[in-house]
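The chain below stands alone and is given in C-alpha cells; this is the form predicted on its own.
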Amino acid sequence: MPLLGSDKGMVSDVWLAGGACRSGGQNGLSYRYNGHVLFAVLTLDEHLLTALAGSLPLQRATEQAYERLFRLLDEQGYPYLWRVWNYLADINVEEGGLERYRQFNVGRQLAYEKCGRAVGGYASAACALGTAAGPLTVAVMAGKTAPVLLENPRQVRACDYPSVYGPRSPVFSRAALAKLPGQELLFISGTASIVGHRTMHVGDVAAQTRETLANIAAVLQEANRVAPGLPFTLSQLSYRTYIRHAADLDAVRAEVQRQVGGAQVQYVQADVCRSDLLVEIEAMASRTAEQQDAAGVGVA
C-alpha cells in the first residue's frame, strides 16, 4: 500500500523482543517467538483454491488461513490472540453476489467456530484493509496469557452487528490490553467513523476523521478505567492512518495533528472495509511496569 506524505518508498514495523527467539514456517507461513510472544504472518493466494459449493475462493482462503494460524498457536503454546492484521485485495468489490469483505467475514467466523474459539466472548483487536492487488495476508501477535479485551461504549460490538452488514458479523474487539513481564501493550483496532453500527458523515472526510478520533478517545477511557496506572493519552499513541483517496491526505492530517499533537503517525493509502468510509485509524501504546505501577516487546 502506498505510503503518503513521506519521501520514504517503504516502511516496515520491527518488533523487538527480549531473550532468545526461534523461527519456523513453511508454505507461506512464517513465525518467530520467544518465551512470551509469538508473531506469525501467513499469505495465501485465493486463486489457487477451488471454491466449494456454497463458498467463494476468498471465503475458503480466509477460513484456511485462520485454521492454520489457530493450529500453529495451539501447537506452539501461544493460544491467545492479541492483535491481528488482515489485508486483502479489492475489499469492496462484489463477487458472486457478495462483497469481498463480507466473504472474508464469513470465512473468519467459520474458522473461529471450527477451532472451538467462542466468537461472541473472545476476539482479539484487529483490522482489515483493502489492497490494490496481492494475496490474502494475515499477521498475528499472540501470547501465553489472555489479554483484557475492550469495547467502545459509543459503538455496538462488532460481533453483534445486524445482518444488513453481511451474513456473518466481523470478529474483533475494539482494543486489547496485553501484559508481559514488566510491560503492558495496548492495541487499538482499526477504528472508523461509526457510531452504534452506522457510518457517520458520509462524504465528509474531515468529519469522519474527527469522529474516528472521538472513538479512539472513548476506547482510551475504557483502557484507563480497567487498567490503573499512568493514563494512556492520545498524544502517546503510535498511529497508522489508512486513507481511501490520496487527495484527502491534507484534510485528514490536519485533523489528526490537531488532536494528537506530535505523536508518531503514518499515512497509508488503502481501501476501508465499508465503501462509505474514507478513513480508518489504528493505534498502539506501550508502558513499563513503573508506568503501570502496577524485557518485553516493542515496535521500532
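All residue numbers refer to positions in the sequence shown, first residue = 1. All values reported here derive from a predicted model rather than from experimental measurement.
The next section is about a form of this same protein that is not shown, the form predicted in complex with ligand 3EB.
Taking the partner from elsewhere, G190 is found to have a heavy atom lying within 4.5 Å of ligand 3EB in the predicted complex. The shortest heavy atom separation between G130 and ligand 3EB in the predicted complex exceeds 4.5 Å. With a 4.5 Å cutoff on heavy atoms, T209 does not count as touching ligand 3EB in the predicted complex; it lies far away. Using a 4.5 angstroms limit between non-hydrogen atoms, N86 touches ligand 3EB in the predicted complex. For the three residues Y101, Y161 and I194, a heavy atom within 4.5 Å of ligand 3EB turns up in the predicted complex in every case. Of the listed positions (L58, A65, L38, C273), a single one reaches within 4.5 angstroms of ligand 3EB by any non-hydrogen atom in the predicted complex, namely C273. Put simply, of F172, Y78, W82, Y112 only one has a heavy atom within 4.5 Å of ligand 3EB in the predicted complex, and it is F172. Per the 4.5 Å heavy atom criterion, ligand 3EB in the predicted complex is contacted by stretch 172 to 180, the sole one of 172 to 180, 220 to 228, 70 to 78, 132 to 140. Scanning 237 to 263 for heavy atoms within 4.5 Å of ligand 3EB in the predicted complex gives no residues at all.
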